[in-house]
Structure formats: C-alpha cells, structure tokens
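Just one chain follows, in the form predicted on its own, and it is written as structure tokens.
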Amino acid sequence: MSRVIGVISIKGGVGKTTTAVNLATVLANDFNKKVLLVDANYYAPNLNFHLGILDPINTLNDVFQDKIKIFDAVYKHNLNFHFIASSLISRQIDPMKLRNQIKTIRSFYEVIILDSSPSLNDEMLSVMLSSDELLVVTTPDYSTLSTTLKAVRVAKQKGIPINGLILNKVRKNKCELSLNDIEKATGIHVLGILPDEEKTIEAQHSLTPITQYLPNSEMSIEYKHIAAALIHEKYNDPRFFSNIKSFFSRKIDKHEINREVFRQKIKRD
C-alpha cells in the first residue's frame, strides 16, 4: 500500500523543504522505493528551486485550474524520484483539491511526500487532510517550539497521526532545548536529530541534496536512519569509526530508541 507523508512546520527556515527533499532522495536511492515529492506550498513555492527547476511548465496550479491532469504535472528527477512543482497561486484554494488529486495518483507510488506551507493556513490544512501521517520539523529553541505546539495541536484536532518530530540545526549547546524538554512539551517523540552542518549550504548552492552531496556526513546518515524507520526497515551505518564507537559504547540515544519503537509499531499495524 502507498503511504502519504506530510512534512510540516509553522515557521520558515527550520529546514522543512530540505528535509522533504532529502527523505525523498534517500527513499528512492538507498531503499529503492518509488517516490513522489509534491510541493504543496501554493502561495510561496520553492521546492523546484531546491531541485534545480527554475521555471516548471506544468504545475499543481494548472491541475487545480483543470488545465491538465495531475499525471501531466509529474516530473522525473535524475535522483530517481518523481516530483510535482507548484507555481504562485494568488487566489484561495479549496483544501480538499489536493486530497482528491492525491487519491488519483497514489496507487502509482509507494511513498508520497507532501512539502507543506510554513504557515497555519489552508495550504497546511490541505496537506493534513491529504496525508496518512505527518512529520513535524522544528529547531530546538523556544520561539520555534511555540509554533510547533500549534502544528501538533491542529494535527491532533484533525485526527492525523504524527509519526514524530525531526529536530534540525542542532548544535548541542546549553542554549538549546533538550530532547526531553521538547518531547514533554509536545507529547510527540523525536525520531531524528539533524546537526547544524555548514556543508548543507554548499549542497543547496549546488542544487544537490546533502544525502547525495556528502552521503557519509552526520546529517546524511541521520536522514537515512529516519527514512529507514518510516518504512520499518533498518539502516546500517557504513562508516568504520562510527561502528567501532557504537560497539564500545553502551549508551543508546533516546531518538534511536524512539525509531525502533516506531518501527515495531508500524510492523504490528
């Protein structure tokens, strides 16, 4: 069965689109899944810029206006996944339109990832209503946590399951909120902790996902662990020194335990 995963946040700059792109890349290339990535940020689309498509011809906007069928808006990326770009929409969109279109196309894919708007509006509502499950991207600071709480609350009100939180831009300094603080405040488990790596900017400049630009970086390996958990598989870190460190360490990080619990839950369901 196909799965539709919405990637959301209610604050710009936390890495939501970067996360969506890298998860799609990993699922397609490291786990051989048939993946569709959709830009559901209708009023300020930017997924196509991450993918190096500056002026897409057919977009989700054209689909909503009944100019084309949704299949005509699908592009094949050279990183082995398909994607649908958006173009600027100046009018209000019926939140149900995306859900109806995803129903039409979902049987052709194993995983569909929806990149939402970073605002609590009809765009995000359309992603929530179109998704089977959600991932919430946040950063470990108080201002972002307050917006994350809003996203979690709305998702719970709509009855959309939240797979977990992804903490991005983590520097491990004393000013950051801890994993335990964030889980306690939101009531949602953290599935991944992404370090604040400078090379991410280089990857974005080269229009290449970090998981392809530096496949063995800490961030790339963490994306692969997250992706594996989402499809109830395991990812084995290929790095020699990382495996040696794990062998001699008895400590298992909380987010790693969360991933294993989530993986087992999916298997039972």
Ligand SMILES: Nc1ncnc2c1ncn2[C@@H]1O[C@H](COP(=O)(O)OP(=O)(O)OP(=O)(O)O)[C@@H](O)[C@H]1O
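Everything numeric in this text was worked out from a predicted model, so none of it was measured. Residue numbers run from 1 along the displayed sequence.
Omitted from view is the form predicted together with this ligand, to which the following refers.
Worksheet item: Among 101-109, 150-158, 73-81, 163-171, which stretch has residues with heavy atoms no more than 4.5 Å from this ligand in the predicted complex?
Response: Of the stretches listed, the one contacting the partner is 163-171.
Worksheet item: Exactly one of 196, 181, 94, 141 has a non-hydrogen atom within 4.5 Å of this ligand in the predicted complex; which residue is it?
Response: The residue from 196, 181, 94, 141 that makes the contact is 196.
Worksheet entry | residue 23: touches this ligand in the predicted complex, heavy atom cutoff 4.5 angstroms | Outside the cut-off, so no.
Worksheet item: Using 4.5 Å between non-hydrogen atoms, is residue 118 touching this ligand in the predicted complex?
Response: Yes, residue 118 is a contact residue.
Worksheet item: Can any non-hydrogen atom of residue 59 be found within 4.5 angstroms of this ligand in the predicted complex?
Response: Residue-level check for residue 59: no, no contact with this ligand.
Practice prompt. Find out whether any non-hydrogen atom of residue 35 is located within 4.5 angstroms of this ligand in the predicted complex, and reply yes or no.
Written response: Residue 35 lies outside the contact set for this ligand.
Discussion item. Suppose contact means any heavy atom within 4.5 Å; which members of 136-165 contact this ligand in the predicted complex?
Written reply: Residues within 4.5 Å: none.
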